[in-house]
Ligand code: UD1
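First, one chain by itself: the form predicted on its own, in structure tokens.
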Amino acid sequence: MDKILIRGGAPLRCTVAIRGAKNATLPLMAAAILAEKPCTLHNVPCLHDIFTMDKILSDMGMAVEFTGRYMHLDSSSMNSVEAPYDLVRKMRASFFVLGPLLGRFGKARVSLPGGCAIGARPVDIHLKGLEALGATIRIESGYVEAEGALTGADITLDFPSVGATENMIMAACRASGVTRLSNVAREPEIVDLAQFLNTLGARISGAGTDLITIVGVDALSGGEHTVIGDRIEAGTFLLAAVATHGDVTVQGAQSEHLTAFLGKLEESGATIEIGANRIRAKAANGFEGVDITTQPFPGFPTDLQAQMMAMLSVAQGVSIIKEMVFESRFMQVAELLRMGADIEVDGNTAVVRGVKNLSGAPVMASDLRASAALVIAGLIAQKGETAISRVYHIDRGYERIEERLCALGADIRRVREG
């Protein structure tokens, strides 16, 4: 396995291009199951999670061609409706294939998912919604087995789950009649999925609001779509810029996808400049502690909570962070403490008292976003070397992060553990 070595203290400067959003690409790939003609996706990131979804779809018979930023998907040769445990256990987003398999073939057998260790994240909301559309569902030997002709229905989600919203949208596209989904997720990735499906011939309206209407169609055709920029990757680079008292512009990010986050950066004292498809952040002097509460979009994103905590660990004053989306999402705290941070956790609340400096130390990544937080902490550290193990976590969501940070002035490299 690899590890990442960082010597901190250098301010990050210059411009970095943001890749396509992982959390948008994965459901888009699953949605290609619904298309009866080939689909093409542009701006696809080269990430381990993308490769995993590629393997799952290919295992079911889909022809997938992935070259650079371009992906071609052709479901005409699909010969299986089963997503096996050995693949699904590696990534929770694999569960996205359930809705489109049901919508197109009327049956599916999908292993219960795995993924990052950031809480239980049960799939009951997905299953209740699909049952409301008329599917018969049973769980046997760790698999969800679903079948039945789907019919439109009025469904209110218990919680605005992103994954459940996406699964139900995809299933409802091929259901007979009209489906109205209330209390749904409003994330930009939902809008991107709806736009792609509409390109294929779906009839979806209301994406980006808490009420989505889907008029079922008999079939979906093929089409092309460009994946939106990754707002979480953009936020991570902006946080790294502010934390190191640098000046970084991210290209390919939309500021309206990060409104709550950018507001908190400005509240901390950072200077934010917004242009066409770009965001600039700089913090030449010190920055202040701020309080954040994670919420579904358009609130502060849970996927930037760990990285924000790393920055706030050297802010002036005290910050209070409340995690309202996932339990067990303070797994970065123990490693930040090893680097000299002053953080106390009580349930879903963390109190962060800013310290003058962090010190490099050997640390271990526990999940995707916690690993990004440790990278930022390593960039902050004024002395010593930070050695991050288990970096396969960060490779799930950040493409060649060490090379791109190095281009911004960071002293960072990847080495083989051994």
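Residue indices: 1-based, along the sequence shown. Everything numeric here is computed off the predicted structure, so don't read it as measured data.
Just so it is clear, the following notes concern the form predicted together with the named molecule, a form of the same protein that is not shown.
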property	result
Ile50 within 4.5 Å of the named molecule in the predicted bound form, heavy atoms	no
Contact of Phe237 with the named molecule in the predicted bound form (heavy atom, 4.5 Å)	no
Proximity of Ser268 to the named molecule in the predicted bound form, heavy atoms at 4.5 Å	no
Proximity of Pro298 to the named molecule in the predicted bound form, heavy atoms at 4.5 Å	no
Segment assignment from 68-76, 253-261, 86-94, 275-283: heavy atom within 4.5 Å of the named molecule in the predicted bound form	86-94
The unique member of Ala315, Val81, Val325, Ile212 whose heavy atoms fall within 4.5 Å of the named molecule in the predicted bound form	Val325
Listed residue that, although the named molecule is not shown, lies within 4.5 Å of it in the predicted bound form (heavy atoms), from Thr226, Thr302, Asn348, Ser176	Thr302
Residues from 180-206 in contact with the named molecule (non-hydrogen atom within 4.5 Å) in the predicted bound form	Glu187
